[in-house]
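This document starts with one chain, in the form predicted alone, laid out as structure tokens.
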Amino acid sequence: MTSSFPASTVLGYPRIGPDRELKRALEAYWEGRSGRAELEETARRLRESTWRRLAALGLEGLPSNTFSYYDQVLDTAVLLGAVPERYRQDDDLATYFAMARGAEGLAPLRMTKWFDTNYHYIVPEIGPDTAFSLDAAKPLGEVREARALGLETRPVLVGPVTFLLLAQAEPGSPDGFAPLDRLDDVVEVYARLLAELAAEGVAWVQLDEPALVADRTPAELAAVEAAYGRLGRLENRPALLVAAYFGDLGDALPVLAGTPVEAVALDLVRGTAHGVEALAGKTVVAGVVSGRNVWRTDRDRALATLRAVRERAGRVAVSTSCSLLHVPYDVERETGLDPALRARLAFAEQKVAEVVELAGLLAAPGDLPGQPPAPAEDGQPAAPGRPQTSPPGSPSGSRPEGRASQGRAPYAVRAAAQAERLKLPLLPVTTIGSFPQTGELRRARAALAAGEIGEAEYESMVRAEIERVIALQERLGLDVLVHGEPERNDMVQYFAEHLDGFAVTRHGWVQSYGSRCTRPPILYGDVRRPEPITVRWARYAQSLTSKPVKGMLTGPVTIVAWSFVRDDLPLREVVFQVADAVREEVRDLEEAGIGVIQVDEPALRELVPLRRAEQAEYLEWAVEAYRWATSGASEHTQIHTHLCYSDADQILAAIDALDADVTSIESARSRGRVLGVVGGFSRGLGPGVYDIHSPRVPDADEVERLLSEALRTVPADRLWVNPDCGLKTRSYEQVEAALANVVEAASRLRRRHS
């Protein structure tokens, strides 16, 4: 007999540790400073502390199998035995990390963004002959681990349809093959897994299917029906919760409703309860607490939503809208924030408490004091988010737009003016911006924040690092240099620290991929730039060399996308406020004599709505915001932009419309995927030739092959040579060797094409 679903749960939880314990353990393991036993012990402690804390907060439904050493999609590939032969080694962890990070002479699997978030996942490779086999050690192991603590858990897995839709065809697969063609084989492995979990006494399993909130074809919806019809009819299995988040299920909702699954989780923060009555007879796991943003939940609105869903569908449980992987651990640690702002924030721990409170209120008789908001005209309950206002003393209200990009001169005119000014060789070599952040720099930044060293001592170290980076690039023979960004902790946080309307945290770490973590700023009020941000260091770097040095800025869409954003203004208006600040910085860099300015927009693709009907409007205003930020530059100033790890080939027309003089774009890790669609690109293009997210160093022959491939699509007079992304996470030893090979490869081809 199926047990009832718990009244309160979360769809997932952060796994890096409140103090980034996993990051440190991983990097020590990778660098050979610790062994497997130490890494596994850190992981065990993190899982135990998570389960104990969730239970202590009163959460009834505890998730397991949400921990990962690198990424949950990669974990699923291992679970299914979908490991390409070239990565297989005697040691299972070595195999796992080879897929994620590469190995000697072996490039890693492709990496891209998890839907419209800044989390990256490893893209599986599936072919017609991929031999699937079950490896249930991880989910079973975590169930047993929690049970030894006296706690029952619900294993969480990426669902079969989403897994295959996110996978790519194995190289060499026949034309027309798609990974979803292997659905029947994959579902059989899931069926065996469910049988093993049932034998273990597991009551519920969660299968995540976020791909269902995007537009799906009739064939894909038929695959959903087939997969969950098959799994639902299994005689020996746990009860199934199918979780779809990041938007509305749309046409997939009645499909799931018609299958034998026992529960469906809906995102009622970014989506609605439209059609929820079709789920009558199942449990609706109502995601009314946001897993993506950090504002406290409006209790009255959320409760009104829950009651409306219960009235229309029957059984309701309270949950987060998605996994809490996307928010920090605990706002109470942020003692440096303005108390008025902190009182309005909820990180993962506070969100769990909100879920538990709402479940208690939903179960209690009677209504809360006060009048809950009325349902919207379409009969749907109002969204549970709360309109936010700025804390005392902060900017408030919206400024009139009054922005109309006058546009720059035509590209041909600009290209001629820039060629005369910059005098660059054919196939110019540059980097994306950052150079390695050494331990010495990180310690100095921490010491400055703690008051242990003064500003003058810190700035002396920054100047010395800039001198080192400029000298290294000149010695290696790069053509357009960067100052290396030693003064910057992060490409978004650094700007947030210098703009009004932002607050930054001290402990608000969020995983981006593997051991890489960021601290997203909190954008709570109107954005203004009190003074220039980057000009002083760019001017100093340029004074050290006769070669052009790029001014390095982060674009308005990316600054907003990688922050926790106020929700009392349309996102478009918030982005244009940031674009105003970037425009002022471009103007001041140009006046300081900087002839090349890079304004990065790696998040442009990330924010594209999952539904096609909403995409054109977003791309129109996102492009216009970028053009507004950059169009004040003269025709003699070369504007660069950069995009990485976000399937940018899917929005190439919008990237072209940015009207940047040079666009650098990830290409090495995806094996030149973007080159298949750039035939109509009309300006400078730098498809990356060095995957900086892997520790491996490409040799000159490999780089030359990649450049030769690019030259088949991009004319030599418009091809730039650069890494896939910034070099911040690599060591100087790796960077120097790789860049020397990049310069050598470019030199060989330059001689051939001159």
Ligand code: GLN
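Note that the rigid core is defined as the largest set of C-alphas that superpose within 1.5 Å between two forms. Start at 1 and count along the sequence shown; that's the residue number. Remember, predicted model here, so these are calculated numbers, not experimental data.
The protein also exists as the form predicted together with glutamine; that form is not presented, and the subsequent description refers to it.
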property: Any non-hydrogen atom of Ser434 within 4.5 angstroms of glutamine in the predicted complex; result: yes
property: Contact flag, Ala415 vs glutamine in the predicted complex, heavy atom cut 4.5 Å; result: no
property: Distance check, His642 to glutamine in the predicted complex, heavy atom within 4.5 Å; result: yes
property: 4.5 Å heavy atom contact, Leu194 to glutamine in the predicted complex; result: no
property: Contact stretch among 336-344, 185-193, 526-534, 483-491 - heavy atom within 4.5 Å of glutamine in the predicted complex; result: 483-491
property: Listed residue that, although glutamine is not shown, lies within 4.5 Å of it in the predicted complex (heavy atoms), from Pro687, Pro63, Pro698, Gly726; result: Gly726
property: Option touching glutamine, based on a heavy atom within 4.5 Å in the predicted complex, out of Glu606, Asp600, Glu209, Asp267; result: Asp600
property: Large Cα shift (2 Å or above) at Thr505 between the shown form and the other one, core-fitted; result: no
property: Rigid core superposition, Glu487 Cα moves 2 angstroms or more between the shown form and the other one; result: yes
property: Residue shift check between the shown form and the other one, rigid core fit, Met552 Cα at least 2 Å; result: yes
